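Consider the single chain below, provided in structure tokens and representing the form predicted alone.
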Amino acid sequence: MDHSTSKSCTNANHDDKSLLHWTQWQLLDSVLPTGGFAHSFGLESALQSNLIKQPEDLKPFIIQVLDNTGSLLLPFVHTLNKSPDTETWTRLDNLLEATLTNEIARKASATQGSALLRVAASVFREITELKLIRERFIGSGLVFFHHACVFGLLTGLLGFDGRMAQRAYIFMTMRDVLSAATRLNVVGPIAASVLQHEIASAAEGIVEKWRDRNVEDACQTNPLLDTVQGCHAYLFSRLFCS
């Protein structure tokens, strides 16, 4: 291989990596209309149940939500990122449907996952498998489109490495809970940004603790949060879907 050919290959690889970074940022951008901001991850119910009585209670609550997310959902994200094929996806999606223990969380996961796949198939048109998967399975009753499974499948097809995919999933959860806290007037926008920065090290520790695990290891670390979220449907008035 001559020098010009080698340089051309190097530039092509560099361009591919640069484009992947843009794709990663777009997937994490709140502008992407996946419906994540319609859900509070149990925060609204926790407020009305007096589990959160003051702004200082928000930080430990979010860390517990992230730990629950890491222990229960990162194994699904990891496995599908590593094996982004329809057989693995349908099997794990059905497994997660059976694993989620309250109706509110189950419906929220399916709604967000379905929205994510719809948007991804429209935006990332170069990944033709996304459109084919959606056309094949929408309305079939064979899958439930759970968010963690769709996210793992999508990041695998887009070429995300495993650690980035799992870190991104925790980041999105933290982002959405903080957004809900702002709209529920628990904290203001600047205080929420400060809190996000403060929680970052704990979030990274959660990723390191739960990353690269098999779905057989998926578990809940804080069942109380699951119980509180399950009470969301009984709230007299509510801003969020979950």
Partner chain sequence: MAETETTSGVVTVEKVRGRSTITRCFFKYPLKLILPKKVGSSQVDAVWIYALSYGGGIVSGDQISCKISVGDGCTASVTTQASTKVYKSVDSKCSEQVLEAIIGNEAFLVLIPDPVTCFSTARYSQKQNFRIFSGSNLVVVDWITSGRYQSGERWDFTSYKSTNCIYLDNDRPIFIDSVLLEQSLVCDIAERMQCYQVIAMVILLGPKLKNLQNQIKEEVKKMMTVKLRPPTTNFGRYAKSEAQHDRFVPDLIASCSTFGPQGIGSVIRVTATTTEAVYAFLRTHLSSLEMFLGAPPYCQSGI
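Residue numbers count along the first chain shown, from 1. Quick caveat, the model's predicted, so the values are computed rather than measured.
Separately, the form predicted together with its partner chain exists; it is not shown, and the next lines address it.
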For a quick test of understanding: in the predicted bound form, does each of Ser30, Thr69 and Ser83 have a heavy atom within 4.5 Å of its partner chain?
no
If we take heavy atoms and a 4.5 Å cut-off, which stretch out of 96-104, 151-159, 167-175, 117-125 is in contact with its partner chain in the predicted bound form?
96-104
Evaluate Ile206 for contact with its partner chain in the predicted bound form, applying a 4.5 angstroms cut-off between non-hydrogen atoms, and reply yes or no.
yes
Taking any heavy atom pair closer than or equal to 4.5 Å as contact, tell me whether Leu51 reaches its partner chain in the predicted bound form.
yes
At 4.5 Å between heavy atoms, is Cys241 in contact with its partner chain in the predicted bound form?
no
Looking in the predicted bound form, any heavy atom of Phe41 within 4.5 Å of its partner chain?
no
Within 116-132, which residues come within 4.5 Å of its partner chain in the predicted bound form, counting heavy atoms only?
none
